[in-house]
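The chain below stands alone and is given as structure tokens, in the form predicted on its own.
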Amino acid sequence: MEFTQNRSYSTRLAVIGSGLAGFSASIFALDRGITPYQIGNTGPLAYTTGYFDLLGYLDGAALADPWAGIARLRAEAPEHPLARVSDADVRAAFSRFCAAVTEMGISYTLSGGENLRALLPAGLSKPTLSVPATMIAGVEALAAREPALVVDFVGLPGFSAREFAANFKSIWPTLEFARLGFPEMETGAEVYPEVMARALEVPAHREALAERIRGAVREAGEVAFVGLPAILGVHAPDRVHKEMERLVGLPIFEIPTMPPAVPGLRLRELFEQVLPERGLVLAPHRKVERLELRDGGAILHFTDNFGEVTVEAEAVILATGRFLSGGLAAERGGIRETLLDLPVEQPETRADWYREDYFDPRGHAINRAGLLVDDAFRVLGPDGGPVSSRLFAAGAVLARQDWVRQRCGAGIALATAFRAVEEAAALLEERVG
């Protein structure tokens, strides 16, 4: 027998989206005493490295000082989303978000004035502002060129310690590599980081792996650090990391793997488990099917396992992301915003989406397409004015940025979510007053 029911809820603020922009908007709203209702599908968090980039590149050059880079954006590209947020607000957004994630259970480094050089799985590095505590030793080992042993595992696709060491050899010659069998998973069949990470939450598996790593360290000779693919637990990575360091007797650092990656899965599960305990009303793995704008707010429609759900909201933040997340759709006739058919700034014709050379240093115009907003981060309509005083947007769905080439995805997500929540909160307070 099928059981269905129609349910209706009301909220002051609805957040649509479950990526970094959506969850950070909910965190900032909770900080202000606003209890949001957040709806989002699986989101792109599983595809992240776990690093929080502010601004890593401009014109193809790596930035040591992201704040100087934002100052350049204000002079050269004032419509870039990061250029429209003050340094004070960007700092506040990063500081509060990293502190909140740490308080919830995954420690992050403090976001400072300079970018860190963080490790990538193919033996490269990139500039980023904040990294998980399980990865900071890799930043330190690279900076000091310390002798380190990087380990991969039989059957693990997408991560090769030999390749990692070979690509770093010219600048990090003291890097050694080894391949081990993961305890109870050494048959030669494929093994996956998420399965290994969950296995290491069991003490016996940690002890068995640590014994094998100690043997590899003895064979390698002089070793000051050990690097592993990111497999040190899903729900308590700090505890698993510390325990493995104690068992091995050396500092250990994680290296992100190819997506879907454990650092992103950790964040998604952390947000879904902890934020509802702090008051967030969360409808995870659901997609808003229809959004109606009205004079006093908006009505959201979606469906769960028990039937139709409607949420009446006084204000809405769109954090729906781009093509992967479903906020934008690329169709034969152009790029479309999927919920309200909002105007999307985009190239005039489909032929202008891409340049002929995929690696053209100027990038591709399709990556800069998105929604336009005013200084209050309200979505603009065809007439250049806000579509609604109660509809805000944040994150990758915004136009005039290229987060892939500029390595600024987290920066845009956090900074614009912070500003959108500020403006929404002011609107709601005004209504109460």
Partner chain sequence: MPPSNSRPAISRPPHGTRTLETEVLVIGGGVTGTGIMRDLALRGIFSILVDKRDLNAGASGGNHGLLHSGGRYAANDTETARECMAEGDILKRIAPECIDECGGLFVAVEGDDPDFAESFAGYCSAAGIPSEALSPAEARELEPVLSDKTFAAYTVPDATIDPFRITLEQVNQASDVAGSRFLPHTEVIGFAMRDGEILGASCRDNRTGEMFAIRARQYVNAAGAWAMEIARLAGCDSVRLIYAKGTLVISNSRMATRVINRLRLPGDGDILVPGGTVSMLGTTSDRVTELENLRPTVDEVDRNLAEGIAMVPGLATARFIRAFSGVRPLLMAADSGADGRKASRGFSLFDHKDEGLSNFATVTGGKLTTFRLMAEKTCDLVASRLGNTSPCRTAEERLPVGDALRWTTPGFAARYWYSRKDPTDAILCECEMVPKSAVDSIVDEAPGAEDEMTLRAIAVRSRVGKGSCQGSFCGIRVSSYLYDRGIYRSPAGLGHMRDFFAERYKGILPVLWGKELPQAELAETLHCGLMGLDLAEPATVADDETDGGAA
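Note that the structure is predicted; figures quoted are calculated from it, not measured. Residue numbers count along the first chain shown, from 1.
Another form, the form predicted in complex with the partner chain, is not on view; read the next lines as being about it.
- Of the candidate stretches 221-229, 158-166, 199-207, 82-90, only 158-166 has residues whose heavy atoms lie within 4.5 Å of the partner chain in the predicted bound form.
- Though the partner is left out of this view, residue 67 does not reach within 4.5 Å of the partner chain in the predicted bound form, counting heavy atoms only.
- Although the partner is absent from this view, residue 187 contacts the partner chain in the predicted bound form, with a non-hydrogen atom inside 4.5 angstroms.
- None of the heavy atoms of residue 346 is located within 4.5 Å of the partner chain in the predicted bound form.
- In the predicted bound form, the partner chain lies farther than 4.5 Å from every heavy atom of residue 270.
- Heavy atoms of no residue among 37, 239 and 274 are located within 4.5 Å of the partner chain in the predicted bound form.
- With the partner omitted here, the residue from 103, 357, 295, 76 that has a non-hydrogen atom within 4.5 angstroms of the partner chain in the predicted bound form is 357.
- Think of it this way: in the predicted bound form, the partner chain has a heavy atom of just one of 264, 121, 183, 251 within 4.5 Å, and the residue is 121.
- In sequence order, 364, 366, 367 are the residues of 364-382 having a heavy atom within 4.5 Å of the partner chain in the predicted bound form; the partner itself is omitted from this view.
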